[in-house]
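Just the one chain here, the form predicted on its own, laid out as structure tokens.
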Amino acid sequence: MTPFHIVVCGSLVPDPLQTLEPTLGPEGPGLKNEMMLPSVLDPWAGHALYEAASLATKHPESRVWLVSLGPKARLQQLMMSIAQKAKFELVAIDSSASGFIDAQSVARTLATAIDEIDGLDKNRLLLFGGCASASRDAGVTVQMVGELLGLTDQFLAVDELEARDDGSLRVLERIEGGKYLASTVRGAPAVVAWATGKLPEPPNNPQVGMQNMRTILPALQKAKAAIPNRNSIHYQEVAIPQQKRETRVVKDMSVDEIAREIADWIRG
């Protein structure tokens, strides 16, 4: 079987159970008390990481790197929780994890870090990431990283990837109408942006965690600082969307009348 070099782009996001209040500060928009908010691994990036680890176990001599961009101290806290989930090598970038940073700036930073990975064979490269993000939901970051690395075979919103014995890849990609587009590519290199995948979150494995921490801590110490470009996008205001509810109770209306009234309300 062909061994792969799998690079997963994924970082921390604020715990969705917390109340997130945007605020506009002197350095641009952010979240109120952002550094104090508990963090979790981005859900879509988590799917990508677990799929990458599963694929690597089926193909001996494969390697998995997790490239994470975020504040070094918070990345260390995050790694303490996910190091036991899957085997990977960390590439840490000390930078802001704010969701208000331009995706293009993030993509350039990630592509530069991937280019500098020691021992990475781009002929075997599978670039994994989420098709979206809980913070930077531009939906284009992974695609732009792939373009910057010269990877033109790209698959978005993937739920299943099968690596065959001849090195080819069969990909099931979400399209409209709840259907899948089945594609076959000759093999690596390729970009795969994951939707939900097929695998559940793996249980904690203390042995895997101990192996990972031997490389995670040195990687965090060597994390290079990156200053994102905040000048490419200008925000005039950031605020929580206002909730508005208008309720009427009407009997004996036809479906056409209901639809017409809803359409008129939207136009208004």
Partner chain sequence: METILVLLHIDESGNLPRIAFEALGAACELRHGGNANFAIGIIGGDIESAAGKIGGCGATSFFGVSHPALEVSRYGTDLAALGALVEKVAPTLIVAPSTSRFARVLPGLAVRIGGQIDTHITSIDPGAEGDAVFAERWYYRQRMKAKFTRDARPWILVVDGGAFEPWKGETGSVALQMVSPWAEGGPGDNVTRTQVSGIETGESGTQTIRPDADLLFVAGAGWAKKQADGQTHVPKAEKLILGFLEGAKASLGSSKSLVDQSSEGQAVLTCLSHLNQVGQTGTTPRHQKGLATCCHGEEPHVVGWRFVQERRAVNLDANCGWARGKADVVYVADAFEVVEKLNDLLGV
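The shown structure was predicted, so the numbers you read here are calculated from the model rather than taken from an experiment. Rigid core (definition): largest C-alpha set, two forms, superposition within 1.5 Å. Positions refer to the first chain, counted from 1.
Only in words, not in the display: the form predicted together with its partner chain, which the text now covers.
Novice: Is Gly99 a contact residue for its partner chain in the predicted complex, using a 4.5 Å heavy atom cut-off?
Specialist: The answer is yes: Gly99 has a heavy atom within 4.5 Å of its partner chain.
Novice: Is Pro43 close enough to its partner chain in the predicted complex to count, meaning some heavy atom within 4.5 Å?
Specialist: Contact with its partner chain, yes.
Novice: Mark Ser133 yes when one of its heavy atoms lies within 4.5 Å of a heavy atom of its partner chain in the predicted complex, and no otherwise.
Specialist: Result yes; Ser133 sits at the interface with its partner chain in the predicted complex.
Novice: Using 4.5 Å between non-hydrogen atoms, is Gln236 touching its partner chain in the predicted complex?
Specialist: Taking the distances in the predicted complex, the answer for Gln236 is yes, it comes within 4.5 Å of its partner chain.
Novice: Tell me, out of Gln76, Ser81, Gln154, Thr112, which residue has a non-hydrogen atom within 4.5 angstroms of its partner chain in the predicted complex.
Specialist: Contact with its partner chain in the predicted complex is made by Gln154 alone.
Novice: Within 4.5 Å, heavy atoms only, which of Ile93, Ala188, Leu90, Leu161 is in contact with its partner chain in the predicted complex?
Specialist: Only one listed residue qualifies here, and that residue is Ala188.
Novice: Within 4.5 Å of its partner chain in the predicted complex, counting any non-hydrogen atom, which residues from 158-181 show up?
Specialist: Result: Asp159, Arg170, Leu172, Glu173, Arg174, Ile175, Glu176, Gly177, Gly178, Lys179, Tyr180, Leu181.
Novice: Superposing on the rigid core, does the Cα of Ile258 end up 2 Å or more away between this form and the one not shown?
Specialist: Yes, the C-alpha position differs by at least 2 Å between this form and the one not shown.
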